[in-house]
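Shown here is one chain on its own, the form predicted on its own, set out as C-alpha cells.
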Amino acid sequence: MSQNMLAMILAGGRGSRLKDLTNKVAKPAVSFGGKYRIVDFPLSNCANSGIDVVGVLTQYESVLLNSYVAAGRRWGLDSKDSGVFVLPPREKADERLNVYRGTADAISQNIDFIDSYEPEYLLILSGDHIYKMDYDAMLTYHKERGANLTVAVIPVPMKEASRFGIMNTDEEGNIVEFEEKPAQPKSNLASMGIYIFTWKDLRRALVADMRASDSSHDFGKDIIPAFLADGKKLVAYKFQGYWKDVGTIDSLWEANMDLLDDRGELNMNDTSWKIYTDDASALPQYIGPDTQVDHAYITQGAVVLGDVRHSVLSTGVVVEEGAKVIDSVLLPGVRVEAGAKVTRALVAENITIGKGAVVGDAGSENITLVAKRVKGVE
C-alpha cells in the first residue's frame, strides 16, 4: 500500500445532468475517448501511484459498473496483496431503501472495511473526472505539511468559480475557509473532490457525524467545516495539468474534443502514465479509399466509409458511404447510415442514425444528445 494509504472512489451519484446516458448506466461507467470508461481514470491513477487497495462505492444503476471494476486485472490490481473492491450501501433491517445518504456517509458505512487494512492515510476520490494525477506526490506533500486534511485544488476562471466548492487559503497555502458554490467567490481555487485525510482524524469525525441528526453527512457541508471549526490543519495541494468534471453532456463532449487538441493536454498515448481499460478484442480501424477524414480520433474496430471531421469515433462505430460526421462524439457501437449527417452531437452507445437523417446543428449553443434510434428518410 503506497505509504500506507488506501483509496476510496465515490462512484454512487445519479449523474442526472448526463440525462439519458445514465438511465441504465452509472456515470463512472459512461464511455469516454473511444475505448475507455470514466472510472478508468481514477483507477489508473491509483495503480500508477502505487496504491494497492481501492474501494469503489457504488449505488445507482451499478450492475455494469460493479462487474467492470471487479475485474481488477485491468489496472494491475488483482494480486494477493492488492484489489479493487465493490462496496454498495449496507442492508439495514429498519430501512426500506439501502442508500448512501451523502459522501461522508458512504465512507462511514465502510469504516470496518477501511479499518481491516489499518491505513494511516485515506485517499477519497470522485469517480467522474477526467485527469491524470500522482496521488503519491500529494501524500508526500500532506506529510511534509503535517496536515490533517489535504485538498487538491485547481485554479478556475474567476467567472466560473461560483460553480465549485472554493478553498480560500492564506499565504502559506493553509485552508482558512471553505465556500460551497459561493455567489461572490473570494478566490478561484476550486476543490477537485480529491482529499487525503489522516485516517484517525477522519474516523473520529465520521463517528461524530453519524450521531448528528441534523447532518447532511457530506464532506463539503459537514466534515470539512467541522475540521475547520476544530482548528485542524487543512492545506491546499495545487494541481497543474488537465482536469475536467464531465458531469454534463456539453462537458463530456468537450473532454472528448480535447483529445483532438494539437497541444496534447490530454495525451492518451503517454506511456509514462498509462490509462488502463478493458482490452477489447477488435479488428483494426478501417478507413475507406474514397473518404475524407480530417482531424479525427478514430478507435480500433471503427469502419469509416463516409466523411469525418473533427470528431471522436469509438470502438465498433460504422459510418456508411455518403454519411457525414462533424464536430461529434460517437460512443461504441454507433452506426451512421448512408447519407445521414451528424453535427455537434454526442451519440449514445449502439444508437443507429437512419439513412439520410440529419442530427444536430452547427449553430446550436448546446450539444445535441442522441440517445434513441433516429429513423431514416423514407
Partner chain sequence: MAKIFGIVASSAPFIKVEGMQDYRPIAAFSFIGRYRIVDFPISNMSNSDIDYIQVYMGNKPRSLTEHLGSGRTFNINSKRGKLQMLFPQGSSVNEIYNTDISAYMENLEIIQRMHQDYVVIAPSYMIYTQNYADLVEEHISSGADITLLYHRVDNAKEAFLNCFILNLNRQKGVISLEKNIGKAKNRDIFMDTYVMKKDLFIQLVQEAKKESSMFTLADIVSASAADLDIRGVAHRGYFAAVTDFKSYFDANLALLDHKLAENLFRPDWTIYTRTTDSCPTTYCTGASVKNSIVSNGCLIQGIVENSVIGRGVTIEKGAVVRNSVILSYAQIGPDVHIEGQVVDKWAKVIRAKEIIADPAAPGYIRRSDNL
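Treat the numbers as computed from the prediction; the structure is a model and nothing was measured. Residue numbers count along the first chain shown, from 1.
Keep in mind the form predicted in complex with its partner chain is missing from the figure; the text below concerns it.
The candidate spot formed by Tyr286, Thr291 and Tyr297 lies fully in contact with its partner chain in the predicted complex, as each residue has a heavy atom within 4.5 Å of it.
Residues placing heavy atoms within 4.5 Å of its partner chain in the predicted complex fall in a single listed stretch, namely 264 to 272, out of 229 to 237, 153 to 161, 264 to 272, 173 to 181. Between the options Ile111, Leu260, Val86, Ala208, the residue in contact with its partner chain in the predicted complex by a heavy atom within 4.5 angstroms is Leu260. Shown without its partner, this chain lists Ser191, Ser126, Thr277, Thr103 as candidates; in the predicted complex, only Thr277 has a non-hydrogen atom within 4.5 angstroms of its partner chain. In the predicted complex, at least one heavy atom of Asp78 sits within 4.5 Å of a heavy atom of its partner chain. In the predicted complex, its partner chain lies farther than 4.5 Å from every heavy atom of Arg344. Although the partner is absent here, Arg73 sits close enough that one of its heavy atoms falls within 4.5 Å of its partner chain in the predicted complex. In the predicted complex, its partner chain sits within 4.5 Å of a heavy atom of Lys35.
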